[in-house]
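The chain below stands alone and is given in structure tokens; this is the form predicted alone.
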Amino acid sequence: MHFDYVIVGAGFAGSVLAERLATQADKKILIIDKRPHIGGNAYDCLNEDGILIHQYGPHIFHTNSPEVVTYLSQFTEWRPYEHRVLASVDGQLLPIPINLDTVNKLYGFSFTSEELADYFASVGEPVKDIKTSEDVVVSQVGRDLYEKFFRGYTRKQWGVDPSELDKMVTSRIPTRTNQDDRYFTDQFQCMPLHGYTKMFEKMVAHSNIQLMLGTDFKQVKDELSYDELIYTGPVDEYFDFCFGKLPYRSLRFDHQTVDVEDYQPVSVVNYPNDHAYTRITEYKKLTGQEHPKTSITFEYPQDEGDPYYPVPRPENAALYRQYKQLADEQKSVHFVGRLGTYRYYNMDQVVAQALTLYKKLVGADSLQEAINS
């Protein structure tokens, strides 16, 4: 059978493009994925105890893009959810990102917001040229808070000291002088009411879309007939690692069911200092599911395994630029998504990137037109 598009990867990027091209442009699509399921890293499922878990760690949806919400709302209802994270520091569970309550509880202060701003100004170490993740935090909140909340966590997560990591890693985490303890401040914060996998199932449920799961594209590509390729896998793998391997950090997940109804006060607790794992997630607090037991996951960062996080260091960016040059030269091949473009994207950013590529492929004038076409 001949396909208009073969799409490698059934995560957000691949599924959005498949849905748009199939339903709006009447294209014949084949989606191929190495894994035995759709949804990519956002895949969720019921465990053996009937608790809905995120197989690859917590995925919290948040965005400031009305277009992305409008688009995804075609495939799911939403459950309002504002993400709150606590960090285990010095025997206390304290709000992260650092805010007024974090500092007051940690040190026994009773600062006002204005006094906290003055305190940060007094303990922050001036950094003339902010280049690294350490520079970002130390300049904002000083060395003690950096050591307690950031350094250990970042070293576990990335396998290198924050002084060796690009500033973008810790720039993503704000510091607040008020009591806002939400992890994100986006306009839209919610979870798919029935889970991510149900949403993906609706996206790809079309007669123009065929799925080939549990399949390596490289093993079957010579047998396929198609006009264009959309590739959401690792860009270095596509080119047989000809310039060398792009570094990623991976994760090992230890999923456990606990015979209690409630395990921790919030869905995610970070452990920056005391354990090999970085955080514990309790899924019922994300999904709103009621169950007499609860499911938790311990996350252990590692180098080997599925690629999750591109490692933001200058030498890695330089290596990616070599691959990007090759990618740009490919006719009828489009690279998209976190792995295809070697960038850390949130889920909404991947959806927007995929809609933008669809817009380009069909000649739509705007993102709104790409959604409503």
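These numbers come from a predicted model, not from an experiment. Just count from 1 along the sequence shown to find any residue number.
Omitted from view is the form predicted together with a small molecule, to which the following refers.
Given the stretches 120 to 128, 165 to 173, 72 to 80, 201 to 209, which is the single one in contact with the small molecule in the predicted bound form, using a heavy atom cutoff of 4.5 Å?
Among the candidates, contact is made by 165 to 173.
Consider Ser267 of the chain shown here, and say whether it contacts the small molecule in the predicted bound form, taking contact as heavy atoms within 4.5 Å.
Residue-level check for Ser267: no, no contact with the small molecule.
Should Trp158 be counted as a contact of the small molecule in the predicted bound form, where contact means heavy atoms within 4.5 Å?
Contact with the small molecule, yes.
Considering only heavy atoms, tell me if Tyr248 and the small molecule come within 4.5 Å of each other in the predicted bound form.
The answer is no: Tyr248 has no heavy atom within 4.5 Å of the small molecule.
Can you work out whether Tyr226 and the small molecule are in contact in the predicted bound form, taking contact to mean some heavy atom pair no more than 4.5 Å apart?
Judged by the heavy-atom cut-off of 4.5 Å, Tyr226 is well away from the small molecule in the predicted bound form.
Using a 4.5 Å heavy atom cut-off, which residue among Ile230, Ile96, Leu116, Val141 comes into contact with the small molecule in the predicted bound form?
Selected residue: Ile96.
Of Phe188, Tyr183, Tyr263, Phe298, which one comes within 4.5 Å of the small molecule in the predicted bound form, counting heavy atoms only?
None of the others qualify; the residue that does is Tyr183.
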